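As a starting point, one isolated chain is supplied in structure tokens, in the form predicted alone.
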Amino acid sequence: MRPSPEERERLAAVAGRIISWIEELMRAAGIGGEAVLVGSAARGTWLSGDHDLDVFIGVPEGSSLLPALEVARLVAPEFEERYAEHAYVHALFEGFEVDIVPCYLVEDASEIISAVDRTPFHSRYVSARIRGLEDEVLLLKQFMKGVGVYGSELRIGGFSGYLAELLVIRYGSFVGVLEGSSLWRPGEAIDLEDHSSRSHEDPLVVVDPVDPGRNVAAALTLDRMFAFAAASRLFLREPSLEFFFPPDLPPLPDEELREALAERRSTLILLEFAAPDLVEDVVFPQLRKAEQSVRALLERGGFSLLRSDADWHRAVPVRDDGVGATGPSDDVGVLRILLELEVALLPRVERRVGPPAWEAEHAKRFVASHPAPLSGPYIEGGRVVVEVARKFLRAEDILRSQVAGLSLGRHLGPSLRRGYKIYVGQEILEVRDPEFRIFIARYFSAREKVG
């Protein structure tokens, strides 16, 4: 959890070489400004094994960011260009993953031009207040990681590193954060500088001390917030190292997958299609939208769902014979939506309840819209009722017929329409991708620390 002295020395040395190289490139290009290390690496609040560095290239306000981006491209031979509010570079440098981000040097956070411009202010704010509390932050981050709530990316919807640091500043210690969070309710607000005049509607509101209009906890979901609060209460009653270091969940082997399917006696359906070549925070909101659209389709068809989940698996899919599959998903992986239904087969007859019998025009239109019912129309409870024949009795038939026409998001819809596969029940055993087998093992266990 706490980096060793050797790890700290290596990180400092690598960060120093990166910044020196950037400054040399800037001088050669005649670019004014500075390179600065930000984030947890700059504040001594990074966990052992974390080889991520954030280096910002600050240029004077009013100048272009493009020359700084050109410098970023020259820092390491192995890099890719990514885009948030504007372009930045993600590079590999001596075994470290480095985000090199151009930004503007502004005098005050209220004058920021792009969202990344506030990051140096975050770094200065925390650095001035966190001294002596670094180990408390490390404990909190490892605890959050262990209970599955660490990470503000949309895939997780949890706590960012900056948010964890602010919580330690607010509550004074790791235990203080756990005690405080045990009392949280939806809409909990924390304002370290007492200067917020803007209302927020998120589950947890932590007003950014350098930018009062921003909620640092905006990415935190209600479920992750209270998974953390529940785990905090349980840990305070029954402390255990397992909260920090839970056992790794291995890929679910065939026999255990068969046993789980037999034990649940529900129907699992897996929808699989190629992921678009986009960054995670673009794909995941669309994937969750797709999951909800598929759920709604099945529910409209009369199926009751127990639960569903979705994930992006980047490993190359593996065929039944153990050989890596080929196709459009090899480079960017596959998206998978898992749906669990209470029953596999619906009865042929479906009951439809119409308007009150005394609403003559509505009743007439309802009857006319069902010209050949199996039974009815008849009156029950004062309403017109008909019984009709279902078009689809199996959920997979609805999916195959209508899933391509659903609203699945700007990028996922076209990706699915280029091709997809549906697995039902025991057919899921054909999916041997280790990432999927871990995903379904987690789905079946679904045990958070609640107490």
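In this text, residue numbers run from 1 along the sequence as written. Given the structure is predicted, the values throughout are model-derived calculations rather than measurements.
This protein has a second form, the form predicted in complex with another copy of the chain, left out of what is shown; the following refers to that one.
Ok, 185, 300, 195, 131: which has a heavy atom sitting within 4.5 Å of another copy of the chain in the model of the complex? Result of the distance check: 185.
So another copy of the chain isn't shown here. In the model of the complex, which residue out of 404, 31, 424, 393 has a non-hydrogen atom within 4.5 Å of it? Of the listed residues, the single hit is 393.
Partner-facing stretch of 336-344, 70-78, 240-248, 140-148, counted where any non-hydrogen atom is within 4.5 angstroms of another copy of the chain in the model of the complex: Within 4.5 Å of the partner lies stretch 336-344.
Is the gap between residue 358 and another copy of the chain in the model of the complex 4.5 Å or less for some heavy atom pair? So residue 358 counts as contacting another copy of the chain.
Does residue 384 reach another copy of the chain in the model of the complex if we count a contact as any heavy atom within 4.5 Å? Looking in the model of the complex, residue contacts with another copy of the chain include residue 384, since a heavy atom lies within 4.5 Å.
Though only this chain appears here, would residue 7 touch another copy of the chain in the model of the complex if you measure heavy atom gaps against 4.5 Å? Taking the distances in the model of the complex, the answer for residue 7 is no, it never comes within 4.5 Å of another copy of the chain.
Residue 378, heavy atom within 4.5 angstroms of another copy of the chain in the model of the complex: Residue 378: yes, in contact with another copy of the chain in the model of the complex.
Though the partner is not shown here, which residues of 119-156 have a heavy atom within 4.5 Å of another copy of the chain in the model of the complex? The stretch does not touch the partner at all.
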